[in-house]
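Single chain ahead, by itself, as structure tokens, in the form predicted alone.
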Amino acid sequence: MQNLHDPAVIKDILSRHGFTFSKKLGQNFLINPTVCPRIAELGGAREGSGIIEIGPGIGVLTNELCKRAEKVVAIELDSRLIPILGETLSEHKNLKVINADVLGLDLKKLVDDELKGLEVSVCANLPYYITSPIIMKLLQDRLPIKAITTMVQREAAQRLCAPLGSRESGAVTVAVEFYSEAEKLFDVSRGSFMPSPQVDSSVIRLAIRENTPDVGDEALFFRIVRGIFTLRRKTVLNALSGSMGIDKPAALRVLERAGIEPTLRPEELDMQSLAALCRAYVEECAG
């Protein structure tokens, strides 16, 4: 196995394959030798496990996953990296590489076809520009997975793992809390990558909930959440009225039914209050 933590080795491999980094795809390859083993261990790669990796790059994390897991399915968007992965990971027979955009894949079918009977988790070093859409797809597809362990920009980690009711929380925080229990595992400095990004990163783990909160109409719940958080600096009364297209007297009645003080800000509401808001909206406005 080539030393994929050595910048000189990486440059040689990339040069032989005519590869150049794409800023558009947010490509930064991990070279810190201590990081990937920790992600693999904390991400659930072990005997009897199946791992979906998103964005394997040149295979540094993939190598650690393959050494531990029963099977690894790596999804890589950039077709230029497929022959490179064929070289760097040739020793692993428990790996399947798929050249595709994860946002367009039927991941339930992938799990059923490739990882059936295994305890499935997701590991990823996600490009910063597309972190939220990928995480939301993984959560909303309700995959039969145990957890998502991923590296994200440190500021994104703070938002994703923020407690509801705090200033850092937003609509994506609500969604993460709805589907999972989030925790930050450890930080990773910008110097751990090649090329080095302008920001530091964090590894987070989202443990998937067996049962999601009872909010009544789930689609309506997320429509309300997205709506009020677009007006998060307004009072919840004004945010609900403005985002849902109802007059203030109707919005006030909804809030009274939900037991929510109308002068609160949307960012101050916890999951119980948001669920009550959705149920109250149905009772007051659905008819």
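Position 1 is the first residue in the sequence shown; the rest follow in order. No experiment lies behind these values; they were computed from the predicted model shown.
The form predicted in complex with a small molecule is left out here; the points below concern that form.
Among heavy atoms of Asn125, some come within 4.5 Å of the small molecule in the predicted complex. Taking non-hydrogen atoms only, Asp78 approaches the small molecule to within 4.5 angstroms in the predicted complex. Although the partner is absent from this view, Val9 stays clear of the small molecule in the predicted complex, with no non-hydrogen atom inside 4.5 angstroms. Within this chain, Tyr129 lines the site of the small molecule in the predicted complex, having a heavy atom no more than 4.5 Å away. Comment: the small molecule is not present in this chain, but in the predicted complex one of Val73, Leu138, Val152, Val102 has a heavy atom within 4.5 Å of it, namely Val102. Think of it this way: in the predicted complex, the small molecule has a heavy atom of just one of Ile224, Val60, Ile52, Ala45 within 4.5 Å, and the residue is Val60.
Looking at 26-34, 226-234, 257-265, 243-251, the stretch with residues near the small molecule in the predicted complex, meaning non-hydrogen atoms within 4.5 angstroms, turns out to be 26-34.
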